[in-house]
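Okay, so here's just one chain, in structure tokens, the form predicted alone.
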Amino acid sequence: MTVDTQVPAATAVVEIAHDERWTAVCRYGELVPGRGVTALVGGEQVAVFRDRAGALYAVANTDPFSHASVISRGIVGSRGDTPVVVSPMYKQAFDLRTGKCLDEPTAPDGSAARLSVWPVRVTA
């Protein structure tokens, strides 16, 4: 997650950390605030979001409740001071910083209800 107060140039490159290296996924200006996109990073689908303040987040694209790859199509918002994405399937909210589900502690299969998160940065 970036929390830089200065807005990067539209041509700056968004990168996600994976296996001790950074992978370029798109240009900053290609991310529409409040909407997500999916990138394939190291064989995994990653949902990338830019919020209205310009912060970037990268979480797993697979919903742990439905196992559908739909998180990038979720609704971005907040619960208090917590930035969230709400799954379009069963409407659970996930913290974009930690991946933790704010509505239910466990998924139907008994695993923790959370999304994996990746470090994301912008380079000129």
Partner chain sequence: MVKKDLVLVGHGMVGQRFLEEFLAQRDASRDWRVTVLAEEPRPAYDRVRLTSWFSGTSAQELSLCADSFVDEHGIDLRLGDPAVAVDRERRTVTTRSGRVVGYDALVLATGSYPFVPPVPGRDAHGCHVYRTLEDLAAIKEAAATARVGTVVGGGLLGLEAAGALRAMGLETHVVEFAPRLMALQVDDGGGAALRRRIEELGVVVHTGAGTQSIGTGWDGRVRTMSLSDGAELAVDLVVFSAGVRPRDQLARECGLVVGERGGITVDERCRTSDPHILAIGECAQAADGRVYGLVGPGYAMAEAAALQLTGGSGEFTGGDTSTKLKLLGVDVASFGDAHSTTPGALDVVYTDTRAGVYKKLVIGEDGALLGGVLVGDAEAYSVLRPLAVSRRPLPAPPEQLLLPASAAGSGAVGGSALPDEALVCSCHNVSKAALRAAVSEHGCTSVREVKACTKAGTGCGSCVKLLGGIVEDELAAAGVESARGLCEHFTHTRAELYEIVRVKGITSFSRLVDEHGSGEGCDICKPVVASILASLGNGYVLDGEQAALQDTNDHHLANLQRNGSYSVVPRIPGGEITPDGLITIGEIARDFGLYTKITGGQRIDMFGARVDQLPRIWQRLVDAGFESGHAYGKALRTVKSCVGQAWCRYGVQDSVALAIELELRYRGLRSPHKLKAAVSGCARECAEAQSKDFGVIATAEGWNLYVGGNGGMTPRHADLLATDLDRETLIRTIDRFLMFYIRTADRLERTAPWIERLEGGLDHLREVVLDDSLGICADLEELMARHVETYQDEWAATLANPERLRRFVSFVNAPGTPDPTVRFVPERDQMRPARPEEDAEHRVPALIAGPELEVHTR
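Positions refer to the first chain, counted from 1. Source: prediction; values computed, not measured.
Only in words, not in the display: the form predicted in complex with the partner chain, which the text now covers.
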item: 4.5 Å heavy atom contact, residue 73 to the partner chain in the predicted complex; value: yes
item: 4.5 Å heavy atom contact, residue 35 to the partner chain in the predicted complex; value: yes
item: Residue 56, heavy atom within 4.5 angstroms of the partner chain in the predicted complex; value: no
item: Partner proximity in the predicted complex: residue 60 to the partner chain, non-hydrogen atom cutoff 4.5 Å; value: no
item: Non-hydrogen atom within 4.5 Å of the partner chain in the predicted complex for each of 25, 29 and 80; value: yes
item: Interface residues of 83-99 toward the partner chain, as seen in the predicted complex [heavy atoms, 4.5 Å]; value: 86, 88, 89, 90, 91
